[in-house]
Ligand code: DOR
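Listed next as structure tokens is one chain, alone, in the form predicted on its own.
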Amino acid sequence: MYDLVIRNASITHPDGTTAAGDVACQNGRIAKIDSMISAVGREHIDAAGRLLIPGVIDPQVHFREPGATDKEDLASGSRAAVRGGVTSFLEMPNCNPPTTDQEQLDWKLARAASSCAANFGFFIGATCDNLEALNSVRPACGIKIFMGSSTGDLLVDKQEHLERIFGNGERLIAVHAEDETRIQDRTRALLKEGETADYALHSRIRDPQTALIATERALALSEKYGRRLHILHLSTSEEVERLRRHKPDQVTCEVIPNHLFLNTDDYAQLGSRVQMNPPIRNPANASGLWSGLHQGIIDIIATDHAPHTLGEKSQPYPNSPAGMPGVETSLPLMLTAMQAGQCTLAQVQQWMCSGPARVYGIKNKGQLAEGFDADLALVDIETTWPVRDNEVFSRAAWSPYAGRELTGWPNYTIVGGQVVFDNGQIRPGVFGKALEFARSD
């Protein structure tokens, strides 16, 4: 007897083709895929022809625990994740206290094991003086460097500190690439001290050159030391063009839906709800990012899910915090784009499932194949449903996409062969596991 049998599904293949059939799960893994499985299971799902895909891996989220659980915590963030078909996540270190040593990493791992509805992994945060911890903590998916200031206090922007981190160790380095000197200079030039301004000024202060300078700097360090580098939330067509000219083999990068589907015109209606770091760009910018995805210059999609309360967001600029929720809308946004002809099913799987597993060396994830972990999403691509603030699972309880009609919402999300999201409800008592990394150093 299998633990779970999914019948009458439209089963996706990596090349984007589909086949009608059944999938059986046993002991947390995909045990069998066939046109028909006659064996019984402890639980059955009739997929009714809906699309069955590998669970999404979101490799950049901020779940705010410890220190800011009024915005989100590991439990609420993971529930939002599985609502959106995300079965695994990698969480960032800029909480309070930050994840900068083994003690804080162990705390997060224990907390996640008892509260997270999805599988989990964690970054170790770089400071100016924790080099030993960066290379010794276990397990960590990578080192996070904030080259420009953002939420938290993990800024590392001095060349000598960056050289020391890039020049010692082999663990993957992921960078928030914005140039701190340019941010501060442009803030002084464009915003008088003590005054407030329109939220749109945020995109002018942190202009495309701010991102390009830092990306160039990180690329130079990666090439100098041969260090594995991942550029987080690449946001500008200028950066895509730079990588088109030369992208070293040890370098990967990502884009987030916010930079594909939002732009500076949205400030007029949404104000600080669309304020984030790096900021949204002009309407023409997204075409360069899409081109980067299609040409393989950009490797994967993440969300940079970074919730704040609407009360905080309602403060005047620059007191309003940067960041917005996104983990539960990323898959529907991309499947809606697929339906509109902007990408293919094969590309969605590559960018959101197998790609993140490859980039971070995550074992046994990201594919709908026998022997792989049974992390799956059964989605409806025939029906559209609007994003509504009152239906958001994130503790933030709002979305910048409220009002948009999206398709591809999951009916079921399965983690480790167990149903965790079931037609709008989270099943209690189902927890994810710590991710295993084939390449942890």
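Just so it is clear, the model here is predicted, and its values are computed rather than measured. Residue numbers run from 1 along the displayed sequence.
The form predicted together with this ligand is left out here; the points below concern that form.
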{"query": "Stretch in contact in the predicted bound form with this ligand, which is absent here, among 115-123, 99-107, 183-191, 143-151 (heavy atoms within 4.5 Å)", "finding": "143-151"}
{"query": "Option touching this ligand, based on a heavy atom within 4.5 Å in the predicted bound form, out of Lys365, Arg217, His233, Arg227", "finding": "His233"}
{"query": "Among the candidates Val137, Ala75, Leu221, Ala322, the residue which, in the predicted bound form, approaches this ligand to within 4.5 Å (heavy atoms)", "finding": "Ala322"}
{"query": "4.5 Å heavy atom contact, Asp304 and this ligand in the predicted bound form", "finding": "yes"}
{"query": "Heavy atom of Arg83 within 4.5 Å of this ligand in the predicted bound form", "finding": "no"}
{"query": "4.5 angstroms heavy atom contact with this ligand in the predicted bound form for His308", "finding": "yes"}
{"query": "Proximity of Arg281 to this ligand in the predicted bound form, heavy atoms at 4.5 Å", "finding": "no"}
{"query": "Members of 414-438 lying within 4.5 angstroms of this ligand, judged by heavy atom, in the predicted bound form", "finding": "none"}
